[in-house]
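The form predicted on its own is given below as one chain in structure tokens.
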Amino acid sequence: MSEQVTSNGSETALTSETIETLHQRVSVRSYADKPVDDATIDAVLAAAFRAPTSSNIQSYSVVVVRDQATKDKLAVVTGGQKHVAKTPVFLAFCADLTRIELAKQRAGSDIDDNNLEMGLVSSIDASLVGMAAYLAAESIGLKGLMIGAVRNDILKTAEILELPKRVFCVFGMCLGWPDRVPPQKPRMDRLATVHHERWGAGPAGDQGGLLTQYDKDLAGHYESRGMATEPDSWSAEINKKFNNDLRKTLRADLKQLGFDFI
């Protein structure tokens, strides 16, 4: 751990190699023609599996996908995302209740009446492992991005990956050695997302003003890259993405896969 020092000698925020890795993080969709071998993936996942897990239940699994035909099918499910087909390795991070079910069966019981908590815990477990894997990969020079669109058709994703009952893919991750690294997209001001002691205290109470500023900042980012956008960039994107048609069969589909989110 170290402290950054400004040109006038004053100290700024504490930093470390891990902190700087996160500060430089950016989603990468273009990969070099260089293989990512099994030993590298094994090292990334071995580190990721030390992520926190609720009550040590370890309710996750990871499917490592290299087969081109499988990646092509996943690309279709995810809305035609070309980088899903072109990534050297696709990691599918899954909520997995199969081992919990096996342990319960050995004790003479079952999880047929699993509830919202079990689904949430397993999804959070998978997410913690996924972020840990992402950070471990970044630390050795790999780049990639998360793919939530595997949930566009969660039953089809399960079919492609041959997931059994009690397993569903929470999200995927493209991973490879980078070819083109885009500029970082600006994040919302921390003042909008950090609250002290109670929600809305201090600057975070001005959500409207902070959001207006972020709309402008994000619009400026897209315009600098020659990309079409609206003046209220983030707000306009959110309005389009989150509507009543968004994965509206997801709850029923998850129930079919053995997860009851009711």
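Only a predicted model underlies this, so the values are computations on that prediction, with no experimental measurement involved. In case it trips you up, residue 1 is the first one in the sequence shown, and so on.
From this point on, the text means the form predicted together with a small molecule, which you will not see here.
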property	result
Interface residue in the predicted complex among 146, 75, 192, 160, criterion: non-hydrogen atom within 4.5 angstroms of the small molecule	146
Heavy atom within 4.5 Å of the small molecule in the predicted complex - the one residue of 104, 86, 185, 165 that qualifies	185
Answer range among 204-212, 38-46, 25-33, 58-66 for contact with the small molecule, defined in the predicted complex as heavy atoms within 4.5 Å	25-33
Exercise: residue 81 in contact with the small molecule in the predicted complex, heavy atom 4.5 Å	yes
